[in-house]
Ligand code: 2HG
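Just the one chain here, the form predicted on its own, laid out as structure tokens.
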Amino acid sequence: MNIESALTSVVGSSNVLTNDDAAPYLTDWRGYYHGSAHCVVRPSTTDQVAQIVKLCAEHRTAIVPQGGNTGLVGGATPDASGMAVVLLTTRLNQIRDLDLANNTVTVEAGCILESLQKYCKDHDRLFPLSLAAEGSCTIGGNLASNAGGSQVLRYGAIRDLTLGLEVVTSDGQIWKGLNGLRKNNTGYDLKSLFVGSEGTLGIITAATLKVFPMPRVRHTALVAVEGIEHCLALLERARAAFEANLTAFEVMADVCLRLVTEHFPDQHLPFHELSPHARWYVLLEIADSNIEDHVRTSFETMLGDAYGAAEIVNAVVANSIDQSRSMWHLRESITLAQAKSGKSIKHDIALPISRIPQFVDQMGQHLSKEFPGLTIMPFGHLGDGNLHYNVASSDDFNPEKLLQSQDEIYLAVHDTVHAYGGSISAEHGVGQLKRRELKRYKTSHELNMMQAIKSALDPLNILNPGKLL
């Protein structure tokens, strides 16, 4: 029996996709990676996933797990050989349990992030992971890449939110590691090993995650500042004033928001007038359980003090939920605006927060000198040191030049990040895009340990081969 027939016996013919039906799952979201596959299979239970893995092991067939297909590094796209099976998790979409007393939720890997957020909100709980793709990305994909998003500053990345996992291992066995324990020192922390492994060690089918009491008060402000060093000064001031109640601190170069308002004319910056000196914008948010008047007064006082210290040049505090959403919509539209503008070179980097201003200045000077006319569009999560340092073409630096210069630009940015003690991947993962670069920045000892773990857990190398390692 061939692999397609064997898989059909597990999930039914309507859930084994081939030819044109499979095509949407063979290209990544950016249109950067294109692959081929035996078929796309859509299980609806963990037992079906286990059976699929056993069949693929018997046939020595590679498995590429895929959720919402929103990744940016090609981690969920098969290679061009046509020999793999894409395992689509979107039918594994149930929320199995919400334990209000324990503040945990157990959810399947194919559940859309936004659906989980809404479910928790309806039960007066907050699931804090939030990112631009939340309307289509899945919990399994978030776990596979250790997604961070905009509230890492207070709540941590999804690894910090994970208490237990259910995983199908490469031999088709099910590790039932779901629990809601915050203390469990009984050996190796297996769940943390699978989180961030990009489907190369096992297929995550469900997770038990932390949730939190819903904040009673939220305040959002969009702030204009002169330079990135002023963003850092404002971050220090906001942390001192609000500590753990500071939930988000996003930075955006002015060119990013100009691009958003150009491509989405219904979106506007909320300032009556713009300062010609504003080169960066900060979107910050606090959440608290105190009464409204006290929190807003403290928030406005902090911003007033920052203005008096010449750390900011303008600020608007949202007066309604709709105005807050509009501010966040500006931030979340940056990636879409860049996509509308054409190809860009994306860097998902992490740096010590204290060194980000120096990196931005040094890198900007270097790229402007070596590639005159290049457009630099950095934005990201300053509060946790994660910067999306993207570069794009312009009238003076056309897309062909950008493509020709891509390898040099990647090398220049990543070498500088490494020299500053940073990481070339903060939350997007490694996938295919950065796999070869690991050899440049990881020691041989680190790579050998990673390969030993891969070999031990996936001796046949059928789980997402060619990704990460």
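This structure is a prediction, so every number in the text was calculated from the model and none was measured. Each residue number is its position in the shown sequence, starting from 1.
The protein also exists as the form predicted together with the ligand; that form is not presented, and the subsequent description refers to it.
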## Note on the structure
In contact with the ligand in the model of the complex (heavy atoms, 4.5 Å), from 211 to 219, 231 to 239, 378 to 386, 177 to 185, is stretch 378 to 386
#### Entry: 4.5 Å heavy atom contact, L72 and the ligand in the model of the complex
yes
### Query
Though only this chain appears here, would H428 touch the ligand in the model of the complex if you measure heavy atom gaps against 4.5 Å?
yes
### Message
Does any part of K346 reach within 4.5 Å of the ligand in the model of the complex? Heavy atoms only, please.
### Response
yes
### Message
Please determine whether Q117 contacts the ligand in the model of the complex, using a 4.5 Å cut-off between heavy atoms.
### Response
no
### Site test, R42, T46 and Q94 vs the ligand in the model of the complex, non-hydrogen atom cutoff 4.5 Å
no
### Task
Note which of N390, S298, N102, S324 lies within 4.5 Å of the ligand in the model of the complex, where distance is taken over heavy atoms; exactly one does.
N390
### Message
With the ligand taken in the model of the complex, which residues across 321 to 354 come within 4.5 angstroms through any non-hydrogen atom?
### Response
R331, T335, K346
